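A single chain comes next, written as structure tokens; it is the form predicted on its own.
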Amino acid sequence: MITLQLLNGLVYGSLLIIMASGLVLIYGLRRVVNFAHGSLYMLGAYIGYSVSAYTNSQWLALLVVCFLMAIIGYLLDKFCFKILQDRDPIATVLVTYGLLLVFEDIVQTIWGKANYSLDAPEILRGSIELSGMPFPIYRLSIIIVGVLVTACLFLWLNKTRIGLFVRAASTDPLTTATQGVNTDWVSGSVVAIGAALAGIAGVVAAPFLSLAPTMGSDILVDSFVVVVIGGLGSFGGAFAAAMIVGQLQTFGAVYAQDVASLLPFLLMLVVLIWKPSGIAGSRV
């Protein structure tokens, strides 16, 4: 039983790290606290549902969502985040939260308020036996996706030339620009990747979480808790925090249902008192 709960915690933690990675990347480059990130997750899930229903291919839906959300992310950066970069944080919060509400209204206008569900790819259906109990193969695949996303981002940030530009621009954008790096292009590309990750998370979550216009707000709270605990702008810290929060949510739902929703906030409170900059500080 405990083994299955640990795996369920890893499943939710993997979903959170995909979401939180986008938040970390966007904040690291633009210094924008993006409350609209949850709506990108929701929009990705709904677009994936429609593409899958039309083409009967969940894999194609994932590719289409990744492409479309990257375009939306780039446009958001060009016409919103770039302008908000040096503005008052309160203005940033109000604008991005407004975008969240706008996207929710768009989803309700197109798809309505009814809940939908997306079938898992046929190859990932069924279950395997773990500790004498069945565990869905699809949930194991979510853990694998989380690991792959984490590994790819780590290698991209630390082993590629563009990753070097991203880390440099997140630390000192002015000096990086004077060295000939097009920081606006780098930032736009990073926001596009962050939006694509949110869309991927939405498609990945759709087969085991029902689609609803409020689904973006639900996961956004936990994602921000992960980012704050890990350290604003810290990718490594976000990964550690996502795994911890995933376990807290899972075990809390089973053994402490009355306070399960409070546990991540209590952890965040303890971490901020102990280390206000988060587990790993503020480095990408």
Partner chain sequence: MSTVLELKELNAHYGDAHILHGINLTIDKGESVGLIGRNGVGKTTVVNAILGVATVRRGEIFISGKKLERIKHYSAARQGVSVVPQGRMIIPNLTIEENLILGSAVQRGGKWNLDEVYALFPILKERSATPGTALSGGQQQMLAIGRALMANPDLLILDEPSEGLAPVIVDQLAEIFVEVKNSGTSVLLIEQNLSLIVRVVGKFNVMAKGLIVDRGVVSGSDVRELHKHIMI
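Positions refer to the first chain, counted from 1. Just so it is clear, the structure is predicted and the values come from calculations on it, not from any experiment.
Omitted from view is the form predicted together with its partner chain, to which the following refers.
- Picking from 71 to 79, 196 to 204, 146 to 154, 163 to 171 the stretch near its partner chain in the predicted bound form, with a 4.5 Å limit on heavy atoms, gives 163 to 171.
- Though the partner is left out of this view, residue 175 does reach within 4.5 Å of its partner chain in the predicted bound form, counting heavy atoms only.
- Residue 109 falls outside the set of residues with a heavy atom inside 4.5 Å of its partner chain in the predicted bound form.
- The shortest heavy atom separation between residue 131 and its partner chain in the predicted bound form exceeds 4.5 Å.
- In the predicted bound form, its partner chain sits within 4.5 Å of a heavy atom belonging to residue 181.
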